[in-house]
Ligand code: OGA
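Okay, here we've got a single chain as structure tokens, the form predicted alone, with questions on binding and movement later.
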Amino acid sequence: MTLSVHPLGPVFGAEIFGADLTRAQTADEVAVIKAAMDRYAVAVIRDADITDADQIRFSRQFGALELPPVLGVGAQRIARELYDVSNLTIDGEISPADVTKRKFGKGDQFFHMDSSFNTLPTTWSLLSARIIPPVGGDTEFIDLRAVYAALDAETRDAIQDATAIHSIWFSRRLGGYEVSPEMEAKLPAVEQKMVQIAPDGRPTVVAGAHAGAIVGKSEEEGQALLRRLIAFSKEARFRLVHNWKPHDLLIWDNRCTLHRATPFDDMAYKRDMRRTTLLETGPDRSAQAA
């Protein structure tokens, strides 16, 4: 079947029709999906009732995988190549309210780029919806190419040659997670240029909740600029909301979008989502280990 691509919004986002993710894509299909992502930055494939192996195979057609860190705390609930984005225990039941994973995940409710705090650059994230709650749990996106194009001259000048410091601990603290010096030492901060070039050739802002300081600026001045930038980025004209349906596969480009999860009643309803994230260069490897 020939793939077709239909825009979802006036600025970005698209739906891809005709993709069978239970088999390898043809070269033409891979090219169509890549072109759609370059243009729209976010794309959804509906009714993708896939296994972990299907998701891994499909993802690897577009790049090497960023592997989740191996923590050695017991059996894996899902394939080790996938990030477990759920509120479930190893047995598939809703996890208790006081587990560390819940507290850690609160930071994902702030707009962020996946893995911008890692030394290995990433490209896309691919999130598969296996179980979704009946209400809430949407994912919101911001097109940072459009944000850059709409910035006032003063803000654009302020970030044009600036470098931000990204750390996963900035976003975890925003969510109320207590961070120890030992944790920070295991995943130290990295620097990212605040203006980069997106795959379609347009300038894009690189910011989000993992960015907590700006090189050469005081803590107060840097955070004030970052807050102002995010507040502007959250305007409705730059945003897209994805309302999940069962078996959606949602793909987004971390180089030019921000995203966040919206809350739901996670003590009443299960939410089982599984994510692959792609590296700019191979082979598959853990960013933490690198």
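For every residue, the number given is its place in the sequence shown, counted from 1. Here the structure is a predicted model, which is why all the values come from computation and not from measurement.
Here the subject shifts to the form predicted together with this ligand, a form of this protein not shown in this document.
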Considering this ligand in the predicted complex, which of Glu184, Asp200, Glu191, Asp138 comes within 4.5 Å of it through any heavy atom?
-> Asp138
Which one, Leu174, Val85, Ile131, Ala162, lies within 4.5 Å of this ligand in the predicted complex by heavy atoms?
-> Val85
Only one of 153-161, 216-224, 88-96, 111-119 has residues with a heavy atom within 4.5 Å of this ligand in the predicted complex, and that stretch is 111-119
With the cut-off set at 4.5 Å between non-hydrogen atoms, does Ala261 touch this ligand in the predicted complex?
-> yes
4.5 angstroms heavy atom contact with this ligand in the predicted complex for Leu127 | yes
Even though this ligand is not shown here, does Phe58 get within 4.5 Å of it in the predicted complex, heavy atoms only?
-> no
Consider Trp252 of the chain shown here, and say whether it contacts this ligand in the predicted complex, taking contact as heavy atoms within 4.5 Å.
-> yes
